[in-house]
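Here we start with a single chain on its own, the form predicted alone, put down as structure tokens.
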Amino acid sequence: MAQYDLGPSTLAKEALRDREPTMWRYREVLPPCEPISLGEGFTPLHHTPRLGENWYVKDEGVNPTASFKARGMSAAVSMAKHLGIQTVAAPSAGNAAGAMSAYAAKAGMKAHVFMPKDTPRAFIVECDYAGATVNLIDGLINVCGAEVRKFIDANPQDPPIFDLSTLKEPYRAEGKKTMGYELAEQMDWTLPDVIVYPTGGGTGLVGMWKAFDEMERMGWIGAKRPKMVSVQAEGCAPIATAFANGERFADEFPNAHTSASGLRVPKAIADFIMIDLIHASGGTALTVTDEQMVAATREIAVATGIFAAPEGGATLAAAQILRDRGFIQPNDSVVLFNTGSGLKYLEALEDH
């Protein structure tokens, strides 16, 4: 991961007051390059008392390309451009492909995306319209990742095609960590008691945990951390299964299936990092069914006006389970992360 020489003199919190409302307001702790930006970040944090007294929804669905993936791809494509890369490629369950295509287009770079054949249509059209070459693969995202590597090996060029797969380079996590910076800033530098996050590849959790460490080193926050909760679909739950079994590494989940395409990641590279941070925070990992997450997606819309992706619905379903179990206490401040817009998942939502 990218590292910075941080201390109290790196960046004063007061300096943020007059900066642009994008993730690049934290540029001292982001890659040293000219930003390729579409205005990503600084998404709203909504207080949602109809869901829970001290509950909030961080709505990443209002990002450019309608998901939190815009953050990671802005940072990664910016640094790739800085380093002279002209062509990028990545496997994706949907949102990452759309984000990479958009930022590559802004940068004047070529993009090749590899997605499962049953990826929701909105993602495929989005990539195509941004000028990316779309490859639909008979298999899940791990199979798409193998196809990316084959494609790069079969098409040598100078400079080489660069693989922007999750955690194959350090900068996507750098963009996603800004969710942690924003959360602290929006909550007046007091972190919530519980963060509930839908987990596929896991860079959102990993990035925010890194952000909390960096903020402490700069003197912005203390040592207290939120309980980090990883939510997965019952039909694809490698992290939740490993956590429940007391294991640090997660096996590939067999016959992975869920209507929340962003959660359909049967093997996550960051498995041990996620499991370590969940333990360190006193958090937990759990699953919800597709029916529960879709019902919760509707509940979020009715109670808040936010049209969440099914992944966002999964966080509410999980939080309600944890409240019933006593893991979430009545006075806890709880932040649910909606990672994308429901507008991209119309087929999945209509099927339930």
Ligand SMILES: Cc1ncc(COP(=O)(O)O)c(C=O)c1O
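This one's a predicted model, so the numbers in the text were calculated from it and none came from an experiment. Start at 1 with the first residue shown and count on from there.
Heads up, the form predicted together with this ligand isn't pictured, but that's what we're talking about next.
Judged by heavy atoms within 4.5 Å of this ligand in the predicted complex, the contact stretch among the candidates 81-89, 209-217, 157-165, 261-269 is 261-269.
With respect to this ligand in the predicted complex, the three residues N95, T203 and Y345 uniformly fall within 4.5 angstroms at the level of their nearest heavy atom. Taking the partner from the other structure, this ligand in the predicted complex has no heavy atom within 4.5 Å of any heavy atom of S74. Residue contact with this ligand in the predicted complex: K176 places a heavy atom within 4.5 Å of it. Contacts of stretch 336-351 with this ligand in the predicted complex, defined by any heavy atom lying within 4.5 Å, are made by T339, G340, Y345, listed in sequence order.
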